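Structure 1 and structure 2 below are two forms of the same protein chain, each written out on its own as structure tokens.
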Structure 1
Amino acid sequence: MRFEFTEDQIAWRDKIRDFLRQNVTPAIQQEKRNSDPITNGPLAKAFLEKVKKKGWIGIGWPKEYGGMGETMVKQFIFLEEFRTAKAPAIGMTLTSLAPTIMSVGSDEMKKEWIPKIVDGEIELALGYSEPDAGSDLANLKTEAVIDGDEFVINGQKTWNSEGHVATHEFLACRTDPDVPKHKGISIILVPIDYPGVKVLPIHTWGDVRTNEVFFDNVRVPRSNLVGNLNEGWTYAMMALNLERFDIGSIADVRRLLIEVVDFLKSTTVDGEVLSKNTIVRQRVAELYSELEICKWFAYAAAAMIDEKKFPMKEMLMGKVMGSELKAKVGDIGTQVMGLYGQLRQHSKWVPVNGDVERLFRVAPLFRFGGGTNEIMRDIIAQKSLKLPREGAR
């Protein structure tokens, strides 16, 4: 056993950390606060250009696609350092969709699309959810009908977070209505600027914009199909697993808790330094403990992937615990601040730049996003503890 990084991993972490220290300015962090997390402002874009120049776009990608072919542990270190630094994030297109295309796309598709993705010329939006297909994703109804060399797409997606910034939808469509639900789904890359695509905003509590996207007889070349026809469910799950991993990372939350502690140490109310209040100390210690445990789920999962094991249990537990921790740290983190905890971002007196209260408002998303935690818990019980499935849902 070894519960610390190897020297090589530490060197890698320090390299990233140095880079971030030099390049993540308070101005970049503030720009991020002023927008929704998906829309990158000019400072974030410039920053991500630098990241690309470092060759860090595809750390886990095979070298043939310009990646570094690195281990999952190193990818995870990279992710955690970025979060800890409150740096602009490398989008899902690069972290989970491009790898899916690399793994299942045709040679032509890879040759055509991957370089453009790397260049940032193509950005993908995750087109899964529909009004009647949330948890029950396989129930999706957006249909793609083959007409000659084209798919003709009709339907509606919702909670389409990247719809307003992406160039294409990574769209899950029904391509065979006559087979069991999971078996008639395909993934098609759909340019958002094509005729018949309409993007309408949904504004959310967490200040994040998401979208409804409508498809009205949108015609797309058949070559935009990802992998094989009717195997889209498998690909979607592949990408989703990577997303769950992502949700399980709570490095940013750990950083916030430390900032909360700093606030508590420097604030006196009713004659007592807040960090000396026994109950406050207890609450912080409890949160800290959960954050540590959650970290182990993620590290264990990463290490297992590098050992060619599939860490289902570890990833799901990390997803459930991590997502619920976000709400807890947002909630209890503001609670221990007393009256200061009811301030919102952009208020003169708000502690920790409002990042804690914002976390509370963003947190719900992670609990139902990437699969509701209720379903995650079912799966843990059934797959990891081998409890019978019958009638469970």
Structure 2
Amino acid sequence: MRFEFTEDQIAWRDKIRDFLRQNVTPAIQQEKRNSDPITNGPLAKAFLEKVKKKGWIGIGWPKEYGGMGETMVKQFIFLEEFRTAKAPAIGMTLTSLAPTIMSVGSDEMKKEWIPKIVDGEIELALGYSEPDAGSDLANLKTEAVIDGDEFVINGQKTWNSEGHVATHEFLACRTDPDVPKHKGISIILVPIDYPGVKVLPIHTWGDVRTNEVFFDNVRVPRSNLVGNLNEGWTYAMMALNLERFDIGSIADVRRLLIEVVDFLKSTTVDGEVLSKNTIVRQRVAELYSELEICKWFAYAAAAMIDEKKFPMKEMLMGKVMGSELKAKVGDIGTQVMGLYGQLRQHSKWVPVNGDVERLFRVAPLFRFGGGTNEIMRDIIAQKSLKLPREGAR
């Protein structure tokens, strides 16, 4: 791995930075700070329209589907720069679900669905987890029974984070109950406004709304099947790995740590500038070095994808490391800032716009989003390092 960008990659990065400097206003950042992280306000929507007009939606997608046909490294540069600038987020529909459809969907499905996704007409929510099927996703019970030219769907999903803003569910269903549980799953695109679909909110400590979604005899055309019948486990894992890669990006946290350091340099407690405190300096230095390692770890995985390799171990390790670091920055950040670190954004004394306190509360989401870190470690151990399962002989 070469730990520097090529001239072409630097030019691409600088082009993005110029756009962001001109278009990410304090008003957009404040709107983002005041809203549910899943929901885009009017300023964010207008900003994302500008991004679409630049042709930057689907950087790594084939050109025939509205993409740029660029490398994964360039796509990750784009993601990192947007997060560093605190720009409105490019959602999961574009970063993990649409690429899965492009990889395994029929030509007819791609021609029908991809242009609508690029235009923003379709937003997908990830319909995986259930009350008894989260980390053990293959235990899902939501069923889809074929009836003529339709699927009839019954069941329940939970922790459905974008269910209240999406137009469709990227829904994992059991379509064959008589085979091993990993082999009888299919992915179906289900319109949320169809009769029988009910979305109810779940509000979390981190100010993030998620949902539970119920399906009561919901009839969906068989043409909404993604890929092949009963091969949905493979497609679900494909989308999850792309989501985990996204979670592994920690550019926004690196930016936040720099802002914390600025606060420490300008704040005196008991006659000592906080940045001069030995313990504070040590903790910040450790965080900075770990964040740099995580950044280049993610770029190494992106480079492997461009080399036609599948970095499953690297992507999972990046997800674990990135999500743990987000929690660590929130934890240590609130400590080194003292009581200031516990203030929320509406206090007149709050430093760094309350982003440290907010990160502390929202960080647990990243530890289980895309799969709990405990399960990720098991997969790394068993699939990549070939270690035996607990109790295996």
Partner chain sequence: MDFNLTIEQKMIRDSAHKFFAKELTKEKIRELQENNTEIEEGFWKKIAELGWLGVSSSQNSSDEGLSLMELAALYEECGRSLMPTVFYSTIASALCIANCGNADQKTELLPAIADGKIKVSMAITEPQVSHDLNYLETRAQVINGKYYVSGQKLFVPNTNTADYLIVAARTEDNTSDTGISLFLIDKASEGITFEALNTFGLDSQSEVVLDNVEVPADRIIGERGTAKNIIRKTTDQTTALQCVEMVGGAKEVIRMTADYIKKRVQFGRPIGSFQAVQHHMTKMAMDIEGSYYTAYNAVWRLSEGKPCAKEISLAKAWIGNAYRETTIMAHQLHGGIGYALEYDLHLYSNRAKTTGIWQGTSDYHYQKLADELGM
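Keep in mind that this is a model prediction, so the values were computed, not measured. Quick note, the numbers are simply positions in structure 1, starting from 1. We call the rigid core whatever largest set of C-alpha positions still superposes within 1.5 Å between the two forms.
Which of the two shown structures is the form predicted in complex with its partner chain:
Of the two, structure 1 is the form predicted in complex with its partner chain.
C-alpha of Q9 moved at least 2 Å between structures 1 and 2 on rigid core:
False for Q9: its C-alpha shift is below 2 Å.
Align on the rigid core first; then say whether the Cα of T25 has moved by at least 2 Å between structures 1 and 2.
No: T25 shifts by under 2 Å between structures 1 and 2.
After superposing on the rigid core, how much does the Cα of S384 shift between structures 1 and 2, in Å?
Its C-alpha moves by 3.1 Å once the cores are overlaid.
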